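Just one chain follows, in the form predicted on its own, and it is written as structure tokens.
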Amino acid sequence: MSFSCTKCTRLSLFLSDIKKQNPDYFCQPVPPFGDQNAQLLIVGLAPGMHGANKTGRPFTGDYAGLLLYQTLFDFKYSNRPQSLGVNDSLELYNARITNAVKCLPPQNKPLPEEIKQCNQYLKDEIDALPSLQVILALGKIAHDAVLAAFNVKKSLYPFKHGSVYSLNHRYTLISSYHCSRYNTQTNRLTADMFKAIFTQIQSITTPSL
């Protein structure tokens, strides 16, 4: 995807304003990160203000990344339990991470038309992964974005934590509550619940490490 994408005027202007306030922040569409031959693709919502929007790597610097990267490490999808910055030597094995919306939205709430505008990038990313088997959607917006990328009716695949669906007789979509600060601190999503999701994933595909 192009780092110069300005198709969503509201997001583009917002990023420009944030860049003026924080000259050292990435403030561009955040590209996917991880193994290009991954069997697992993890789809989040959008970059966080002081996380991926700052660092340029999905979930890096975000509170949500604490549980995600620790779990990836526990299940041998990575070589480190934390993602601190783009130069921290973190590597992913058999996994790749992206977002439904590539640019930071105001109040972390993208508009429906922005999600739709960005969906082609997600579709292209899915099509470009030759070994992909499982897509993990973190939250309903990511879940619905994956369904849109496959051009299927959302009503046939309702979002539910732990839901498992087959897409195009080739991919498995597994969905989870987002590992956000709110969800983890209120115990809507616990570490054990998240680990159970990855146990489901590994029943379908096994890390290469």
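Residue positions are given as counts along the sequence shown, with the first one as 1. Just so you know, these numbers come straight off a predicted model, no measurement behind them.
What follows is about the form predicted together with a small molecule, which we do not show.
Report yes if any heavy atom of Pro58 sits within 4.5 Å of a heavy atom of the small molecule in the model of the complex; otherwise report no. Looking in the model of the complex, residue contacts with the small molecule include Pro58, since a heavy atom lies within 4.5 Å.
At the 4.5 Å heavy atom threshold, is Ala38 in contact with the small molecule in the model of the complex? No, no contact at 4.5 Å.
The small molecule contact in the model of the complex: His143, any heavy atom under 4.5 Å: Result no; His143 lies far from the small molecule in the model of the complex.
Indicate whether Ile42 is a 4.5 Å heavy atom neighbour of the small molecule in the model of the complex. Outside the cut-off, so no.
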